[in-house]
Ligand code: GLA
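Have a look below at one chain only, the form predicted on its own, in structure tokens format.
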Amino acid sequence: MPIHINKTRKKYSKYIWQRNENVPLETDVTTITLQSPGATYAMAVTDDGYLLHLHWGAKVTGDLSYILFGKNPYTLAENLRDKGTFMDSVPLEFPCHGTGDYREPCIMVRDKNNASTVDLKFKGARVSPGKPKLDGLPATFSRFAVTTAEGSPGCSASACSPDCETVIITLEDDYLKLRAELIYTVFNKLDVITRSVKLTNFSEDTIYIARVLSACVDFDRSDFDMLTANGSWARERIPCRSPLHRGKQSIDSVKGESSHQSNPFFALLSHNADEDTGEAYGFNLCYSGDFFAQSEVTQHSCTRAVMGLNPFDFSWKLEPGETFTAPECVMVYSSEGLGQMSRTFHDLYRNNLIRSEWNKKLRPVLINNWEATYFNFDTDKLIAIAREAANRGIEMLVLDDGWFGHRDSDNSSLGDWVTYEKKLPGGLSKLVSEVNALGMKFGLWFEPEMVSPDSNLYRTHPEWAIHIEGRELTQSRGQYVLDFSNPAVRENIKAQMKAILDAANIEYIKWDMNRQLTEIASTYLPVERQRELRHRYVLGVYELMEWLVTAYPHILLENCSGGGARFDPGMLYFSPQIWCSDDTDAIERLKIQYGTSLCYPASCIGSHVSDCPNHTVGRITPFNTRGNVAMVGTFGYELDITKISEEDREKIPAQIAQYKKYAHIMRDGDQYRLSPGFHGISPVTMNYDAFIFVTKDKTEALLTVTQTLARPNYPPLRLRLRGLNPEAQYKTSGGEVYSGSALIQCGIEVPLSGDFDSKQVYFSKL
């Protein structure tokens, strides 16, 4: 079993700091060890109940409790006069505020006396197969693996076992009567630990939670680089790597969403780490709202890494008997660089996070009308696009913003989810029927969380917008945010969406969210719960999405938030794909999709071929290059197919056939990044991007190389490949045959000509 709990009585020779002499020590030692295929995570309990961190990293065996005694120059039982020194130096699993640890804490509360100290002590631990759900929150889940020799499909209690195991460690503060359950899950085939926390109030008094983070790891070293994925609208998730320094380095969001600016991901890397070598510790929060992540180099040159809900402007009223559950933090260890870290995240999310039936299916190639028409469309225009698209092999028309209320611009109608008959006479059902008659599926855009000042919903219920009474409410994109903490608001939007979905054959939904939260207050929540609104808003979004995917399980759901402002694991739990960025320029997308691949699989990256000059940056790129870049994702088109050149239109059927031929490699295979990278590993100026996808059985591979700016008088680009079987022979799409070892050690030349040229090379095992 991957989780081991041992309790033994041991004698140690111990240096007692206060008396400056060696004395023997006998104490009960409880150790908790989590073993994955290539990593070990170990904890131990001190003689007076503090849960300490021993090790997370390369796999080790044996009793690690000696680290506890070698690291600390005394025990609390004999040195209570210096408990503060102890608390501020030992590696703690779940550090508390107020008892002498002055590093970043995981928990802080306000009790009946408005005091904020918490002192949690170990009470016990229990191990169970599989993984429990988190109430109201998305999280990774356990799948059952067939263990019969025949490997027959299906599952029974005797034939199947879960692919993970969970230990729940109980800590309690006897003074507060507050219980914390630390939930750790280890996966059998992946070097992954997931962590979450449940807090329960067993007292007779109300407790206010001021902060609760999901994970803390105290490393006994500080020689790390910190890698994050930062940016802004239209340039999301650009990798940023810098050495840790003394003090605190953090990323966060206070926008009500995980944000364009900082993705809820970071990694600590050994200084020598690159794609294939060195250690990488990855952290990713399964949450779609305000988050906080930080690395702190302490006075003793150790590093504390924490992640969880952002404590900024947060409070939660915990009544007697109530439980609060924190989001899940996914932690990945790799001893083989960034590449292996990324592939572990990819495998976990494809197999143990994304629930949709579309996860492993070839998704329809769609055309979205947004950049083709914006708000200027009617039925005739949409049918003209659909007819031409169907003739070229495109399989779905997606109608974006502007189909509802009286919406001719982004100044009205959000919240009024009824068909705009002036544009679409006969309603959506008529349009959908006409599109279906062309042999195409139909998809529809919603922005359920928003309301326009100019809307019937706002005129009827202005109190349903998040706002502060008497204070001017800030508009963004001419809209307000609905108070999704209010069940009545969610029920209203649910009913409107249901009426639309039940009236027409809609097979795809694009769920958008185009602004952040301001003037954060709720007319629904009482005064003492106002600081809960940020989190309750996200929980309300999750509840409505859960209804949608449960009531309409066959619909393909794509999430979007002004592009990539909610590209996080929380959204992947509900939708198998997320719109990666509103920047559809192929060259800009190289950086964006590169950064996204650090922890998210290509199968979830929404990516389209758009028109040129590109609407965001004005760049002109070859149609072939736009297709190659978009194929590293869900693949579709976002342009007016009736207006592009006939030359480009003629390329679409071959492009679609190419995508369908290779989609399974990119959807289910392993990704290896081959270029120097955008994260500062190499000082070489980037002039190309390259990656290869390899099937799990290593029988097929697809190499994609894209040049940015051509350079004069340089030799042809030769790439050393990764992931292939060195003992095998491979035939390329051009007919050449190479050994796997030659491709790995010596590489292959990829001729590129001119700015923005792109090539794909397919390899099949002979």
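Quick note: we count residues from 1 along the sequence shown, nothing fancier. As the structure is a prediction and not an experimental result, all values here were calculated from the model.
Keep in mind the form predicted together with the ligand is missing from the figure; the text below concerns it.
- Of the candidates 579, 281, 292, 594, 579 is the one whose heavy atoms come within 4.5 Å of the ligand in the model of the complex; the others do not.
- Proximity to the ligand in the model of the complex, defined as a heavy atom within 4.5 Å, holds among 668, 401, 252, 507 only for 401.
- Although the partner is absent from this view, residue 696 stays clear of the ligand in the model of the complex, with no non-hydrogen atom inside 4.5 angstroms.
- When the ligand is considered in the model of the complex, residue 306 lies well away from it, no heavy atom lying within 4.5 Å.
- Contact check for residue 360: every heavy atom lies farther than 4.5 Å from the ligand in the model of the complex.
- Contact annotation: residue 477 falls within 4.5 Å of the ligand in the model of the complex, judged by heavy atom distances.
- Relative to the ligand in the model of the complex, residues 514, 560 and 563 are all within 4.5 Å by at least one heavy atom.
- The stretch among 567-575, 393-401, 612-620, 523-531 whose residues place heavy atoms within 4.5 Å of the ligand in the model of the complex is 393-401.
- Although the ligand is not shown here, in the model of the complex the stretch 439-464 places heavy atoms of just one residue, 445, within 4.5 Å of it.
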